[in-house]
Structure formats: C-alpha cells, structure tokens
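Quick heads-up: it's one chain on its own, the form predicted on its own, in structure tokens.
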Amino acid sequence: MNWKGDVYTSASSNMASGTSGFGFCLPVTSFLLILLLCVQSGGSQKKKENMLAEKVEQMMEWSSRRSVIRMNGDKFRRFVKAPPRNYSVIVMFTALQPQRQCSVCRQANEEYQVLANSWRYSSAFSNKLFFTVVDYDEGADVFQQLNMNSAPTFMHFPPKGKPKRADTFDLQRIGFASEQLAKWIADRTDVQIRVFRPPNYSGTIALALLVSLVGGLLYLRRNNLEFIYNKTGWAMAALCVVFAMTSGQMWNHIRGPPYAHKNPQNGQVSYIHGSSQAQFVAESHIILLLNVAITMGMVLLNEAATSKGDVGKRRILCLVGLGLVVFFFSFLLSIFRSKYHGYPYSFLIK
C-alpha cells in the first residue's frame, strides 16, 4: 500500500510539473506570435511608405517637365487608381488626335493648360495636387473601365476613397473656362489656384484698329458729317447689339461653353444643347440668324403697310415678310420647346 502510494504520489508530482511547463510555454508562444505580427506589419507599412514616396517623386519629376502629365492605361492605374496615394489628381479625359475632329477638346485643352501652368508656377505649388490627361487613343481601356462615352470630361480623384458624383465637373452647365475649373477644384480639394493667363493683345490691337478706322473716316469726311445723323445707320448698329445680346453672346463670354458637342460613339454632332441651363456657341449663332430673319420679315411687313408704291410690289413684300416671320418664328419656338421640356405650345414645326 505504501509502495503504491509512493508511486501515486510520484506520478501526481510529475503531472503537476508537466502542467506547469505547458503553462509557461503558452505565454512565450503568444509573445513570439505577436512579435512576428508586429514585425510583418512594420515591414508592410515601411513598404507602403517607400512605394508612396516613389510615386510622389515620380509625379513631381513629370510635373517639373510638363504641367499636365500625359498618362496611358498603365500609368493611370498605377498613379491615379492604385493605393497608396496622399495626393489629389485632376484628370482630363479627351480626344485630341486630328482624326477625332473634336474641336471642343482642343478648346478645353487650352483652358486646362492655362490652369495647370498657373498652379505649376505659383508659389503655392506642392505635391498635393497634380494635373493629368488621358487621351482616348492612348488609354481607350481607361474610358471603358470608367464607362465613359463622351469627351472632354474632367474628374477629380481624391487621395482616399472613390470619386463621388461631385468629383465630375459639370462641363455642359458651367463651361470649361480656367476660372470655373479653378473654383471647382477649390471646392473639391481646398487648393486655391489663381489663374494667370498669358498676355493677349489681340483685343487691344483690334480696338486700336477700330478707333483708327473711325478716326480716319471722320477726318476724311470732316467737311461733311451729315452721315452721323443718319437714323438708318444708328438703327442698324443698335440692332446688331440687340441681336448679339439676345442670342446669348454675353453668356458665352462669361461661361465659355463648347462650340458644339460630338458624340464619340456615333459621331453625331449636336449644335443645340438639350438643357435650358446651358447652350453651345453654335446655338447662339443659330438663334442670332433666326432673330435676324424674323426682324427682316417685320421690316418688310412694315414697308408693305406704309409705302405708297405699286400695289403688286407691296403685296409681294407683304407675303415675303409674312413667310419669313411665320417660318422662322416657328423654328425658333421649336428650339425653345426642345430645351424647355414640357412646354406645350408649338407652331408649324414641332
């Protein structure tokens, strides 16, 4: 009995010793695992920091050579889409190749270059914002990836997260003037860009030529200035100003809209904007010509009613004037109806 008790006591002692050894190994193993995870996490973080530093350095190098960085599909995915990234990127998706015949793209590119140069050569320039461009012929896969079917298009890619709806510039409504783009960028990135345009003396030269022409004409006719009191001349000048203002020329000057829009999928060109909040330059020209035709018709009607000439001639003037007013006013009303959806009235042309 004592021998068995001694054996039992010895076995119990050994089991207790084994249990305490296992309890000692468990904290050591956990500590080693945690240490290994920390080392791996630190190494991964260091790798991300090195990758980010390389990307920023490369973007700064490209930006030092050219204010707008040209990108293909691979560069776009690596430097714009893929993390890590601590900088904002403004991308203009465009089609500048001559065979694309996108005149709007060229006009928008000129304004975009002005804005990018203003940022690149300003004292506030930093590595927090870069301007890039993706041409359709160099990055068609990017257009497909983003389901983009029109150009030009401006997008902002923030440092973190995906672009939101407001990160796409509303070009159709606002236009693509550098000042409007700068305001949009300030709203999205808090980066203020003061636009500096290169000197343009064409307006000054044109004004000087006009003043010289008028001055020379007055000098040559200094002995006979009765033409200054010509009511018809002043009426024509006033009508020109009225036609320019009522057709939206001042709106074009302020907003800088594109001349027209070409659908890159089917090549169809639109000269009339489909919204009442915007217009194309070509649209204002069309409206101007329609107003001129309607005015000519009204003048002919007035001439037919007030003149005392041949009755047959007056009848012809009346019919021509009435035709001009009716047809072109119907055309003008149809354009108005196409822009203001739901407008119920039409006349001859729907």
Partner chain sequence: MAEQHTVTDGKHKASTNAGGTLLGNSRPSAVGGGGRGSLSGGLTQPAGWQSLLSFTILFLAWLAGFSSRLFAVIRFESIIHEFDPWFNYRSTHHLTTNGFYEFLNWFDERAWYPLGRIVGGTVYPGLMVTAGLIHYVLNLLHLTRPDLHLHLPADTGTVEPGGGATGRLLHRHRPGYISRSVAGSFDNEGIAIFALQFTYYLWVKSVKTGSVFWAIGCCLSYFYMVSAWGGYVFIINLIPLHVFVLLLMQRYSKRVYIAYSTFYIVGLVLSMQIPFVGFQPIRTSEHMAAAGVFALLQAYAFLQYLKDRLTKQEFQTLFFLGVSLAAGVVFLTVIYLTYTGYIAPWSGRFYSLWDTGYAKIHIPIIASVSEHQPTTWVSFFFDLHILVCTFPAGLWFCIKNINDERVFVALYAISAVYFAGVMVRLMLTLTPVVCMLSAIAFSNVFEHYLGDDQKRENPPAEDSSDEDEKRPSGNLYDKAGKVRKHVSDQEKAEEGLGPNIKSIVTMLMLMLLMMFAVHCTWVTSNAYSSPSVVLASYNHDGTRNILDDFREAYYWLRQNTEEHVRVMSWWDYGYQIAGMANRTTLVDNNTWNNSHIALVGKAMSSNESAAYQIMQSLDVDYVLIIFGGVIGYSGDDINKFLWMVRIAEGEHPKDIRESDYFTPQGEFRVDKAGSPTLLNCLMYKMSYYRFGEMQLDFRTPPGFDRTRNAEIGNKDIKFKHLEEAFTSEHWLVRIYKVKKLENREPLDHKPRVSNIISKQKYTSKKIAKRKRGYIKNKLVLKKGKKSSKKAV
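Residue numbers count along the first chain shown, from 1. For clarity, a rigid core is taken as the largest C-alpha set superposing within 1.5 Å between two forms. Predicted, not measured: the structure shown is a model, and the values here were computed from it.
Note that the form predicted in complex with the partner chain isn't included here; everything after this is about it.
With the partner left out here, the partner chain still marks one of 253-261, 115-123, 130-138, 72-80 in the predicted complex; by a 4.5 Å heavy atom cut-off that stretch is 253-261.
Contact check for I205: every heavy atom lies farther than 4.5 Å from the partner chain in the predicted complex. Using a 4.5 angstroms limit between non-hydrogen atoms, F157 is distant from the partner chain in the predicted complex.
In the predicted complex, the partner chain lies within 4.5 Å of some heavy atom of F243. Shown alone here, R222 lies farther than 4.5 Å from the partner chain in the predicted complex, counting heavy atoms only. Using a 4.5 angstroms heavy atom cutoff to the partner chain in the predicted complex, none of M51, R65 and S67 count as contacting. Among S103, S270, N86, S276, the residue placing a heavy atom within 4.5 Å of the partner chain in the predicted complex is S276.
Taking the partner chain as positioned in the predicted complex, the residues of 322-340 that bring a heavy atom within 4.5 Å of it are, in sequence order, L322, V325, V326, F329, L332, L333, I335, F336, K339, Y340.
Once the rigid core is overlaid between this form and the one not shown, E303 counts among the residues whose Cα shifts by 2 Å or more.
Residue displacement note: H285 has its CA displaced by at least 2 Å between this form and the one not shown (rigid core superposed).
The Cα position of G256 differs by 2 Å or more between this form and the one not shown after fitting on the rigid core.
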